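Here we start with a single chain on its own, the form predicted alone, put down as C-alpha cells.
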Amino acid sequence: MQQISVLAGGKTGYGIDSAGLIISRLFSRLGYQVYMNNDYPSQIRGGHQFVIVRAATHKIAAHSDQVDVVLAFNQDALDLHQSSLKDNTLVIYDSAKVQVDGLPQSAFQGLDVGGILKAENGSPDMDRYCMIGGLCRALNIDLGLLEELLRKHDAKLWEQKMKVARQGYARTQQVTTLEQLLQPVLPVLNGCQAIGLGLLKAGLQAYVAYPMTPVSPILELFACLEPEFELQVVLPESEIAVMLMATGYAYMGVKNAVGTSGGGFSLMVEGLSLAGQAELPVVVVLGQRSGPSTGMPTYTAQADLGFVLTAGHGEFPRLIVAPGDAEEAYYWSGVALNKAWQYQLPAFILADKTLCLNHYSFDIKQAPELHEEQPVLWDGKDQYRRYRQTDNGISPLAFPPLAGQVVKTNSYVHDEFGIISEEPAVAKAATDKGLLKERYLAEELQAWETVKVYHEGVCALLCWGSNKGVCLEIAQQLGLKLIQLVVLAPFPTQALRDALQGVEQLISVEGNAKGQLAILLQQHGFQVDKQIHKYDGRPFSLEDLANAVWEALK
C-alpha cells in the first residue's frame, strides 16, 4: 500500500487529536511518512473536531479529502463528511452513537464501545483506544506496536487502555494489510515543536509569550525543557509586556524569542519599533490565524504578510522567513535567531496554524546543518560606543554591567554613544546605518537557498509557507514547476529572477483574499499571471488545489 488516509471525528475536547497522534505514530513505526491535519472549533468542549492522518511511502505535507478509513465517534463524523467517503471506505463506528442506515457504503463495522468500556471498567475517555484497536485489526497492525507506543507516550493506565484496545481489535474484521516498510522510523512533530528545537539549537536562552493559538505549544515545550536547558521561560501579563521584556533581555545579551499571533502582535508593534530604533535583536514567532480581530482563532490563514512587512512606525530593517514544513521550521528558526543577533535587528518566523499545529514526520537529515553563531562583540579597547559606525552597519556589542563603561541604548535618534540627538546629519546617519545592515544581510542571503525550485516546466506554481506541501504534490502530478519563497525580507530579487528562468505562466497560491505575496512581487518588479486564493480558514487539500489549478490552466 503506497498511502492511506484515516479520518477520526467526534466532539471537541474528547481526545480526537490524541487519537490522531496515536494513529500517526503507529504509521510512523511501520516506516511510513505521515502528515496529520487537525480541524477543531474554538470551543473548549463541544462542536465537531476531526483529524485526517495521511501516511505514505514518501515525504508528504498535505492532506486528502478522500479517505480510506473513518473512525466515527459520533454521528457528525459521518454526516459532515459524506463527501470524503469513497465506494470502498471502511467505517468503524460507535454503534450506540452512530446510525448508518441508508448510507450507500457497505464496509461498516460497528463497535459496542460503551459495552466494552463497561466490561473492562474503562472510563468514557478510553473510547479512542477501543476504536484504535479496531483500526489495528482492520489494517492487520500488531497490537504489540500499540502497546509499545502507549507505554512511551501515553503511560497513565496503559494496561487498562490496552484491555479496551484488545476488545476493539477482537470485534473487528481485517480488511487489508498495512505492511511494515524497511525505512527509518521518524519522529512525529508539529511545526511549533520543530520551531522550538531550531531556536534551542541556535542558542536560545529565554522565551517570553502570552498564550495564544496557534503558538502555545512552543510555550508548553519550553516550560517542560526549562530546567534541562537552563531556559528562562516567562509568561507576562500582556503582549505589550512580552515585547518590552524581549528588548530588555536583548539589551542584557540574552538570546530570546517571543511567540504570538496577529492580535497579540498588534499590541507588540510599538515595542517592535523600539527594537528597530535601538538595534535590539528580537525574534518573533508569528502564527497566523483567521482574522481580523478574534476572527476564527483556531483556523488558519496567510493574511498577515503585509502587516509584518510594514509593522512599526518609521523605517528599519527586518528579516522575515516563512518555513513550509517541519524541517524548514527547525532550520530557518535557528537562522532567524542567528541573524537577528548578527545584524542586531528584529527577525520574524512567519508561520500559520496549519504549520504550527499539524503534525509531520521529521527527518533532521533533510535540514541543513544548524549551529549557534556568535554576534560581533566589542574588543574592549577605547571607550565603548554602542552604535559605532562601521563599514557594514553592525556595531560591536557589549552588555552591562561593564566596568568603567556605559552601555547606553535609546529609543530616540541617537549618536554613536547612544546619546539623544536631533541634528539632521545624525538622524540621516542613523537611518543609513539600518539600510546598510539590510543591504549586507541581503547580500549574505544570496548564498542561501532563499527561493526553492522543484521540478521543471514552462508553467509554475508560486507559494510560501505551509502551502509548500500541497503545491509540491500537485505540481508533480500536473507536470508543473514549483517556486517557493522561504525568505520574504530582505526580498530575494536575484534568486527569484533565476527561479523564473523559462517560466511562461506564473500562478500564485495563497491563503488570503488579496494575494499578498503577489502584491509583494509586483512591488519588486515581478508579475503574477493568475492567482489562487483560499480564505475560509481551512488549508488547501490535494483535491482543492488540483481543481483550482486546472481552472487556472484553462
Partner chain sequence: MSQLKTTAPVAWCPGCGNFEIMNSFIAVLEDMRNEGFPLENIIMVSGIGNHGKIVDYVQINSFNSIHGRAIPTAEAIKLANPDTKVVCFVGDGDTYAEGLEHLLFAAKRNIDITVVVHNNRTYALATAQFTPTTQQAYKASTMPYGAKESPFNPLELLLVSGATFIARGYPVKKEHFRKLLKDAIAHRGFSCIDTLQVCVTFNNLYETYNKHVVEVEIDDLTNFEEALRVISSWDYRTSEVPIPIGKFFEVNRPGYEDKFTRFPPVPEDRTVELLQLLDRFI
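Only a predicted model underlies this, so the values are computations on that prediction, with no experimental measurement involved. Residue numbers count along the first chain shown, from 1.
The form predicted together with the partner chain is left out here; the points below concern that form.
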| query | Does at least one non-hydrogen atom of Tyr330 fall within 4.5 angstroms of the partner chain in the predicted bound form? | reply | yes
| For Pro323, is any heavy atom within 4.5 Å of the partner chain in the predicted bound form, or not? | no
| field | Any non-hydrogen atom of Asn410 within 4.5 angstroms of the partner chain in the predicted bound form | value | yes
| task | Consider His153 of the chain shown here, and say whether it contacts the partner chain in the predicted bound form, taking contact as heavy atoms within 4.5 Å. | result | yes
| note | For the partner chain in the predicted bound form, the stretch among 314 to 322, 125 to 133, 414 to 422, 297 to 305 with residues bearing a heavy atom within 4.5 Å is 414 to 422
| said: Each of Gly276, Asp379 and Ala430 having a non-hydrogen atom within 4.5 Å of the partner chain in the predicted bound form: is that the case here? | reply: no
| request: Taking 4.5 Å between heavy atoms as the contact cutoff, choose which of Leu186, Met212, Leu480, Val91 touches the partner chain in the predicted bound form. | output: Leu186
| Listed residue that, although the partner chain is not shown, lies within 4.5 Å of it in the predicted bound form (heavy atoms), from Met252, Ala223, Leu143, Ala119 | Met252
| message | Need the contact residues for 229 to 257: heavy atom within 4.5 Å of the partner chain in the predicted bound form, sequence order, or none if there are none. | response | Phe229, Glu230, Leu231, Gln232, Val233, Val234, Leu235, Pro236, Glu237, Ser238, Ile240, Ala241, Leu244, Met245, Thr247, Gly248, Tyr249, Tyr251, Met252, Val254
